[in-house]
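Shown here is one chain on its own, the form predicted on its own, set out as structure tokens.
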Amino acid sequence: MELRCWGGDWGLPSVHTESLIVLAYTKFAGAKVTVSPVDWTWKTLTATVPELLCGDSAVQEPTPIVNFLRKQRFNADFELSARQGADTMAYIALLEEKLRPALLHTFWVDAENYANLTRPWFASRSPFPLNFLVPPRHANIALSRILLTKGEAPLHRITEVEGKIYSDAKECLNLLSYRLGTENYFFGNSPTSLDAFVFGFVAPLYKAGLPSSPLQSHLRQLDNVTRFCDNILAVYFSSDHPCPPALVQETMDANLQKLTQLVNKESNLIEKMDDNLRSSPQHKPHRPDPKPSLASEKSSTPA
């Protein structure tokens, strides 16, 4: 199976919420997929990501992909009860209704964040001339989606709905924090699809270097939610991110130093052994008397 998605940065396997949801779920369910980032390709404009390719099937968007993987027997929710399954659907709907508008506004509509982080990042991952087209296209889609879902009377302009969407988002984060409590995951000791969705929504907000974001500041005060993200990254994605070049060089230098010290110790030990052998008295090697052969015994026996 091949998964097309946006690439990673900020310590995340993908900076794209939907892509991150699917990447997390494949890890939780044990599905082996080949990740094909659309970065620096024409698919940054033409493709709908995430997209899962399996044989002749092509599935897009997180929920259809999760359902498709379940049919392939990659089910991270198989131990959930009916009540927990219903809670999962309710919390995912809560994320879509309360948190997504604020995330869209934070990354794509907020002028400072868009100019200093979002637009430069997506432009740098798109080939010329798409680097001039992809960021504005995403920004327009985000603005239209916010106004479509939250621009109800009497709130018709984006400046009028900002306060409402951020209030809803903080309430959503507080509910997630309360539901998670002191546990590592939302349902028991194993992550499920709900954990994948929460991780996909929350991790970019937590890890992005946003120059302006009261919502990010609020999230970072919820220690159990940030710990939840860090735990998933450490357990399921740590091997996906190689060390930075400087850290790799430091590790190589440290290993080389240890190897040099070991070789020096071995050389000193060999020299000491050689000196001891040279200074010790030399004796002819002791050889036991050869045993007489059966033929010589017969010849020496009197008739």
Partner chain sequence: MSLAAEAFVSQMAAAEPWPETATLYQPLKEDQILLSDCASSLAVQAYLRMCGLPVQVVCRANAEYMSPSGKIPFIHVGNQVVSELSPIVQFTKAKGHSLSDGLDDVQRAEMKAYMELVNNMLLTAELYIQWCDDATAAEISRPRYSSPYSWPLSNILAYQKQWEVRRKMNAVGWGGKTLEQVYEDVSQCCQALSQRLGTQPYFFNKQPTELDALVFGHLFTILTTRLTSTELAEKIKSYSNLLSFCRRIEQTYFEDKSSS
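Here the structure is a predicted model, which is why all the values come from computation and not from measurement. Numbering follows the first chain given and starts at 1.
Not pictured, yet referred to below: the form predicted in complex with the partner chain.
Participant: The partner chain isn't shown here, but in the model of the complex which of S167, N184, N116, S212 has a heavy atom within 4.5 Å of it?
Facilitator: Flagged contact: S167.
Participant: Considering the partner chain in the model of the complex, which of E112, E79, D230, E96 comes within 4.5 Å of it through any heavy atom?
Facilitator: Looking at the other structure, the residue within range turns out to be E96.
Participant: Answer for A86 alone: is it within 4.5 Å of the partner chain in the model of the complex, judged on heavy atom distances?
Facilitator: Answer yes; at least one heavy atom of A86 falls within 4.5 Å of the partner chain in the model of the complex.
Participant: Should L133 be classed as touching the partner chain in the model of the complex when contacts are defined as heavy atoms within 4.5 Å?
Facilitator: No.
Participant: Classify Y178 as contacting or not contacting the partner chain in the model of the complex by the rule of any non-hydrogen atom within 4.5 angstroms, answering yes or no.
Facilitator: Close contact exists here: in the model of the complex, Y178 approaches the partner chain to within 4.5 Å, heavy atoms only.
Participant: Tell me, yes or no, whether T149 is in contact with the partner chain in the model of the complex, where a contact means a heavy atom of each within 4.5 Å.
Facilitator: Heavy-atom contact with the partner chain at 4.5 Å: present for T149.
Participant: Given the stretches 118-126, 197-205, 216-224, 86-94, which is the single one in contact with the partner chain in the model of the complex, using a heavy atom cutoff of 4.5 Å?
Facilitator: It is the stretch 86-94.
Participant: Does the partner chain come within 4.5 Å of a heavy atom in each of K27, E51 and G55 in the model of the complex?
Facilitator: Spot residues vs the partner chain: no contact at all.
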